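First, one chain by itself: the form predicted alone, in structure tokens.
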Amino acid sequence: MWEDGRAICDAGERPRGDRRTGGDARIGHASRGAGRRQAARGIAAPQRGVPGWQLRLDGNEMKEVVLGHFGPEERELQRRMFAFMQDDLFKPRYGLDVWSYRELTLQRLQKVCAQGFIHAADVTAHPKRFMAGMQCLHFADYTLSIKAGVHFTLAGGTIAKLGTKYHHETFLPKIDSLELPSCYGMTELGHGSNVMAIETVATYDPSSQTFDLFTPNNLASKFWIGGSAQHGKLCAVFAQLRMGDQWQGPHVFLVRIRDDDGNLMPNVRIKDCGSKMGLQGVDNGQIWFDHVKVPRENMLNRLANVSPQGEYTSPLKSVAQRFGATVGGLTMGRFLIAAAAVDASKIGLIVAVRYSCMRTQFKDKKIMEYVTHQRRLVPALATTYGLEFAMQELSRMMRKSQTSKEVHFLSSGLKAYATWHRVKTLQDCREACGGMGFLSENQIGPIMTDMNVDVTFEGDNTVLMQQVVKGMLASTPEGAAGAGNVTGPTVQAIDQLEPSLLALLRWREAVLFKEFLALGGREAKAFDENLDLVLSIGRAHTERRIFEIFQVAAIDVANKPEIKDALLALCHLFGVWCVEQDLSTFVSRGGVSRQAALGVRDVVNAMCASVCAEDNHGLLALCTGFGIPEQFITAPIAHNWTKINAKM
């Protein structure tokens, strides 16, 4: 039913009795001349008294645009992996106990590694290829992608980035083959986001040329370490390096925690964290080290080195510089988590939209016709498209440098925004499907529980948004009153809203930031006292960046006018939705008049109605355009909900 992805909608005037159009609000303002009509083609809402409008959209053409950032090599890798994952081993399995799910996840990872699809060295050598391969895994099963992500991205990627030739040759081949299942020992029971304050200690002993690795108290135990409870044999451990009486800050050490037969190494103690809210196939553990001897060569030494005699050298002269460079390697993991959140939102929306376009309620009215349904799903779809193009831009930036400050701040904002968006989107999709959304086989529920952790791991979202604002502070000269234009536009009438969207989003960010600086935000105490404002600024900054990137991406599709117009429509919907969700800020600071504010709801409703017009053909084509392979849309309600359990 959904194979061709093509939807062509041609609509003229609607009957006067049609009340879905939201008064005089319309997308694209088609009555304002041919130039505006051309720019708005595909986005004008059906209106009484407004010239006919058209939405011509081929979902497969949209899919080619969305997937176009991958080159032939990445597309071919994904084609091979998708074919490989047709194997029954990768089909969804629900209701497994913890131990069975862990065993299934291990078998899946073993099979992937045996094919040689993914290489840890590609984190630095071929990041685009690495991203393409990892994306295939989270299409199939998020638990698998997290276990593989810890193994390849965090442990393997850290070795690739912070290690040297010895480490690359000794450990990376065994990680690629899964001979050394690996984990990442950063988080401690008493230290989550504050990595600089970890308490695990590594003290160098020149007589044995080893580091003495010690957990001084229970709060210093490594906690939530994925892959460590049952399967891990190697752990990349973060520990405070002490050279005699000198403290050199956190460094990374490669530590065997189990031998080749799977037995715990001497002086290593591991406790299983047990059953969790989700991700039951990942074996999280708690680790203590009781004076474990680590060979000198096993310290990752690209940034700093310890000679056999105990001489410490580093091109980075301060602990802060070394620490920043060390944790800068987390960017790939942060990117993959944000990208997975975007793809999960796509899957949830495909399931919910397809079901809502088939399911009727109260005679023959499809539930997608209800404005409440449209407002739940259509703005979320527009936001998901915006995030997709924002992630593609971040990917391009990362291929130039994964450690630049700009990459750090954008990845922090997008990871937080994308995962918070996923939480809300999947909840709305679940509710939009009614009781059917509660069935595990309809995908949304299991994805929700497995992915709930993404808002707090690889950087707690609240902390990451603070990082965004700290980046703004660093780029604003001391003594400056703010950044950007704080005079900005004032939208007096609703027809001024769409042309002013980018200016409004920039103005909101600048106004909030100026207020923050006036409160003394550069000082640590004032920063902490105004964290609620800090988060609002971080969100405003991230939404502005997404809108800018989205708009450029749409305009760049110059050779496909129908696709360009559809993307501009979604971009505008995202922008208006951002204004509506934070209308109090825009009105209270004078960016939008009270009279104009009263019409924003009508504009959103009209935009949603236009996307859903003509029996939702354009909406369904946009779902096809997400580019999720059909083999991973396994929910029965996404295909034919009336056939569920039809065989008695």
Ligand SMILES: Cc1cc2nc3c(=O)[nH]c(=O)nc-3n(C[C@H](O)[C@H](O)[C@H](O)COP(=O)(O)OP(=O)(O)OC[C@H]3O[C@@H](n4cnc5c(N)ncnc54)[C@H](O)[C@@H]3O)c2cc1C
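Don't overthink the numbering: it's just position in the shown sequence, from 1. Just so you know, these numbers come straight off a predicted model, no measurement behind them.
Although it is not shown, the form predicted together with this ligand is what the next lines describe.
- Partner proximity in the model of the complex, defined as non-hydrogen atoms within 4.5 angstroms of this ligand, places exactly one of 430 to 438, 181 to 189, 211 to 219, 503 to 511 at the interface: 181 to 189.
- Site annotation in the model of the complex: the residue of Ala526, Met196, Leu316, Val463 reaching within 4.5 Å of this ligand with a heavy atom is Val463.
- Of the residues given (Gly333, Gly348, Pro379, Gly226), Gly226 alone sits with a heavy atom within 4.5 Å of this ligand in the model of the complex.
- Annotation: in the model of the complex, residues Lys276, Asn284 and Glu458 each come within 4.5 Å of this ligand through at least one heavy atom.
- Under a 4.5 angstroms non-hydrogen atom cutoff, this ligand in the model of the complex has Val150 among its neighbouring residues.
- Though the partner is left out of this view, Val453 does reach within 4.5 Å of this ligand in the model of the complex, counting heavy atoms only.
- This ligand is not shown here, and in the model of the complex it never comes within 4.5 Å of any heavy atom of Met243.
- In the model of the complex, this ligand sits within 4.5 Å of a heavy atom belonging to Leu531.
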